[in-house]
Structures are given as C-alpha cells and as structure tokens.
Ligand code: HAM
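Presented as structure tokens, the chain that follows is alone, the form predicted alone.
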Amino acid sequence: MKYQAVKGMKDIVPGEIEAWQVLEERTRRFLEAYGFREIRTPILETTDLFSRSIGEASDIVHKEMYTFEDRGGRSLTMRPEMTASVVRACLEHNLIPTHSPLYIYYIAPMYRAERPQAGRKREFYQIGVETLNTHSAVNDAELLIMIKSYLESLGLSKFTIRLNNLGTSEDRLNYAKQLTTFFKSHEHKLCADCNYRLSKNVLRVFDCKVSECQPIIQKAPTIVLSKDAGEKFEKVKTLLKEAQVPFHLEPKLVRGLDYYTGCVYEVTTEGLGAQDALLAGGRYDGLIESLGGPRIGASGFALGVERLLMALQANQISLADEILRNTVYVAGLVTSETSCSFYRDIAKALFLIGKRGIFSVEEKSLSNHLKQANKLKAGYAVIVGDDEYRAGEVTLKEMTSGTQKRVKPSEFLKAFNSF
C-alpha cells in the first residue's frame, strides 16, 4: 500500500520550503521591530472555546471544525483560528498588563474541514497579530498602516483594503433586529444555510455565496452607527488618508467570526483567483470579557501564508532567491572514509558564518557538480578535489561571476566577504 497525505493536507518539501523560511524570518523581523512578541499555543483546545467565541451560527463552527471526543469524554477541537486561543493563553498566564497594551503575533497552522481550494487547504497556515488592552481608533488605523508597510516590504503593491464598521454592541443589536425583519420577509427565497443563520445570527447571512441569495443580500439595509462609533470610524478614515493608505468602504462586510465589533476589514489582491482575500481582521472589544477576562478592548488580523506566497509568485516575487544566494553547494570529489572529518570541518565553518550547505559526494565530474549547483540556484560552490583535500583547503567559487579562490575552511568569513 502506498500512503499519501490526508486530503486537504500538504507536505512542504525542499525546493518549496525555502520561500516559507524567508517569509517567516522576514515576518518575525518586521513584527518584532514594531514591538510584537511571538506566542505558540496548542493545536487542541476545548470545543467550547471556539463555539463561544466564534459563534455557533458561523460556518466555521456550524460546518468546518475538526471536533472529537477524547478518551476522557471531553470535546476537543483542532483550532480553526487563533484569536480565541491567544486570548485564552494570555488570560491563563496573566500576560495582559493593566495599564498598557500587549502586542502578540503568531505563525501557526489552522484546521478547517472545508472543501480544499487554491490557497486554502484543510490544514493552512496563518500569520496573525493581536493587540490586547487597546481601545482607540488610532490602534485600528495603525494596524492598517502596518499592514500596508508589511505587504510593501515583501514587494506587494497591488492590493485593496475593504473597510467597514460594525459599531458598538448596541449598534449591532439594533442592526440585527433590522436585518431580521428584512430577511424574514424574503426567507422563502433564501437557501437553507441562510435560514439557519437567520435563526442563529442574522449577520452571518452576509457570508452566503449562493448566487440566488445575492440579489436579496444586496438590497439589505446597512448599519447606522451611534455617535461615538461614527466619530471613531471617521478618525480611522482620516488617519488612513493622512498616511496615504487607500481603502474602499464595504457596508456589507461583517467578517465570518461573531466576536468582531467596531472597525473590520479585508485585504484582497491579484493572483488568487475568485477567492481573493489575503488578510482580514478587526476590533473585538467584547471577546476578552466573554472568555472570563476584564472588560478591555482588542484588535488584530490574520493572513493566509499559502495565499500570500501565491500572490508573491503571481507578482513574480521569489523569496527563495534570498536564501539560495546564501547557499553553498559542496562538490565533494574526494569520497574516501577518511574525508568525513574534513567535510565536518566545512559544515562547521559554514555554520559559524551563517551559510546554508548542500553536500554532494556523488561520484561525478566537476562540471556535472557545477551544473547541479546552478540548477539549485546556489550562490556559491565549494570544491573539494584531491589537491584541495591534501592541502586542507577548498576552492571557493562565486557562481554568478565565476570568481574563485583557494582557502582553508577557517578562512571562510574573510573569503566570502571579499567577493
């Protein structure tokens, strides 16, 4: 029997993983410069954590979660999103300061039992940030400004920010009543999922993708914001304009998670096909309190790693080139047992100067070794022939220029810097 990865799950293999590694390294460097610190939480959480935070009427809880009963009879779920897990962890470990915000980020896999599609498998990775104990419109605007800077730092310039505001809890409640009245007058024309959402959380009707429901959804009323919520939203828009962050208002944008309040947004980009959402987020001022914490505000966003890599590829941006330029192909023409210690010396020397090695001791000609180095897009080659081995040296070759020199492994730092 030939085993294969489970449907919707994907291996990330050498040749592909390099782009992931560069993206993760750049992301950590970017976010930590902005004051964010990484968190890692377990893949498994109690099911109630998600049903309580995300909402039973959401598609995630209603149809997509991987949930099972463990041997102790507890209902556990593989996390479908990270915000609830982050809040749970921060409350459990008393990480949230009383008088200042907490900035958290993560790079982690999520799990949803949905139909696999381009850029979204059943196991998919997200990069996300959470700002806990934050309340102001300035915080919302700063996150969006940071998003623009982050995407541009990766080379992406063609993206659209779609923006809406769900108001206060009271604004949402009033809006829900208005929508319920509207959609009930059309319920016989709505799909079964929409009728379920109508009975559980009417805002989820906006999540529907069924074509027959779209004309009704387009005619639905838009939210009326209270004075305070309206002023905060105007402040967000003003700050974005001052920072030259372009956005489009989308009054039907509600997001797929029930905990959102206030400012919400989605970022779409080219190269992703029909499912063009790259990133989404917003404010969730009630979530921390609903999970047993203090009554404090919070805001954050998450982006799909696979979708981001697809978008970069569609824009002919190759992150892997960055790591390949620092890769050294070691052409081992000497294959005796006694040469092993010398190759270990080379590996240690490469490690000390931060280079990545690919060792090949196949019995083939030097020209074939160099062809392989070019095929792998390695920036350098280290050649170990009989003469080099006897002298305790290597020939170090810069692949682009063809420049080469004889050096000892202990001289690698000076030699690489001299190219």
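Counting begins at 1, following the sequence as shown. Bear in mind the structure is a predicted one, so any value in this text is a computation, not a measurement.
Below, we turn to the form predicted in complex with this ligand, even though it does not appear here.
K.L.:
Which listed residue (106, 150, 183, 233) meets the criterion of a heavy atom within 4.5 Å of this ligand in the model of the complex?
P.N.:
When this ligand is considered in the model of the complex, the option within 4.5 Å is 106.
K.L.:
Which one, 204, 112, 172, 88, lies within 4.5 Å of this ligand in the model of the complex by heavy atoms?
P.N.:
Selected residue: 112.
K.L.:
With a cut-off of 4.5 Å between heavy atoms, is residue 281 one of the residues that contacts this ligand in the model of the complex?
P.N.:
Looking in the model of the complex, residue contacts with this ligand include residue 281, since a heavy atom lies within 4.5 Å.
K.L.:
Looking in the model of the complex, any heavy atom of residue 130 within 4.5 Å of this ligand?
P.N.:
Close contact exists here: in the model of the complex, residue 130 approaches this ligand to within 4.5 Å, heavy atoms only.
K.L.:
Is residue 81 part of the interface with this ligand in the model of the complex - any heavy atom within 4.5 Å?
P.N.:
It does: once this ligand is placed as it appears in the model of the complex, residue 81 has a heavy atom within 4.5 Å of it.
K.L.:
Should residue 255 be counted as a contact of this ligand in the model of the complex, where contact means heavy atoms within 4.5 Å?
P.N.:
Although this ligand is absent here, residue 255 would touch it in the model of the complex, with heavy atoms inside 4.5 Å.
K.L.:
Within 4.5 Å of this ligand in the model of the complex - does that hold for a heavy atom of every one of 121, 126 and 300?
P.N.:
Checking in the model of the complex: 121, 126 and 300 are all within 4.5 Å of this ligand.
K.L.:
What stretch, of 245-253, 335-343, 259-267, 90-98, brings heavy atoms to within 4.5 Å of this ligand in the model of the complex?
P.N.:
Careful reading of the contacts points to 259-267.
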